[in-house]
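Take a look at this single chain, the form predicted on its own, given in structure tokens.
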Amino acid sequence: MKTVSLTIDGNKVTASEGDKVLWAALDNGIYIPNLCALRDAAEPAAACRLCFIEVEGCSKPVTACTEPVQEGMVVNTKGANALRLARTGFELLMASHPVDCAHCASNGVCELQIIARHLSIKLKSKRFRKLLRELPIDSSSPEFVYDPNKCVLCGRCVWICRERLGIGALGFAYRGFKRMVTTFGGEPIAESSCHGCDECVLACPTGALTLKDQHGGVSRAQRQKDPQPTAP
């Protein structure tokens, strides 16, 4: 496959033709905030709206997960406009997310913590009114616990379960603020078609899906086949 050369934050890097800028950056140790990206997916979900970058020649920021690499392109992941969009998107996300890191199994390895540090903003923002959903926690599975209140709707678990494994135990339901990841008909996970393989837990970037015997936590970066660097 043809290789192209590009510059990201002043660093000369190479990537395979057809790759997205997000993967070119992550593969070369340059962190770009992201929650929904999956390398194996045929098309990027582009749902989290956190991976904004600035590309020389483009009039406005674009999402790194959808932007293909091009020979000679110059990318800035730290541009003021890109960071403004990413920070606003993250603060909106956290406005409906319960921040209880001290009691969360993903504390210390949660992608939300990594993103907050990278963007230099707090997990508890006062910019937007807090609006929590207070949904019931599903602990029916013998393997893991699902807390929909900590779900960021990235869709990673849904894609893994449906596309990679062909099971389809999880899916999206409802719209707007009520949108959530759930089983068919909202039945308990233990009564669904779930196989208890835990692949959805490994894909979750937050504490929404956690193993019942999880006492520390393993970061998504450590668990993924294609590891991503953490933010400095």
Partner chain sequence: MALNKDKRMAEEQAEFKQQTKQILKRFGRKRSNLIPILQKVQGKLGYLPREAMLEIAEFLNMPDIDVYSVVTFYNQFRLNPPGKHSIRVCLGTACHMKGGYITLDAWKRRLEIEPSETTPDREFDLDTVACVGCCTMAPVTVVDNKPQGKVEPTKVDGLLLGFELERKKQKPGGQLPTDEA
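Because the structure is predicted, anything quoted here is derived from the model rather than measured. Residue numbers count along the first chain shown, from 1.
Form predicted in complex with its partner chain: not shown, discussed below.
- When its partner chain is considered in the predicted bound form, N34 lies well away from it, no heavy atom lying within 4.5 Å.
- At the 4.5 Å threshold, heavy atoms of R117 stay clear of its partner chain in the predicted bound form, well away from it.
- Although the partner is absent from this view, A203 stays clear of its partner chain in the predicted bound form, with no non-hydrogen atom inside 4.5 angstroms.
- Proximity of C194 to its partner chain in the predicted bound form: non-hydrogen atoms within 4.5 Å are absent; the residue sits far from the partner.
- Here the chain stands by itself, but in the predicted bound form one stretch of 195-203, 47-55, 34-42, 166-174, 166-174, has heavy atoms within 4.5 Å of its partner chain.
- Annotated contacts: R162, T182 and G186 all touch its partner chain in the predicted bound form [non-hydrogen atom within 4.5 angstroms].
- Heavy atoms closer than or equal to 4.5 Å to its partner chain in the predicted bound form belong, across 1-36, to no residue whatsoever.
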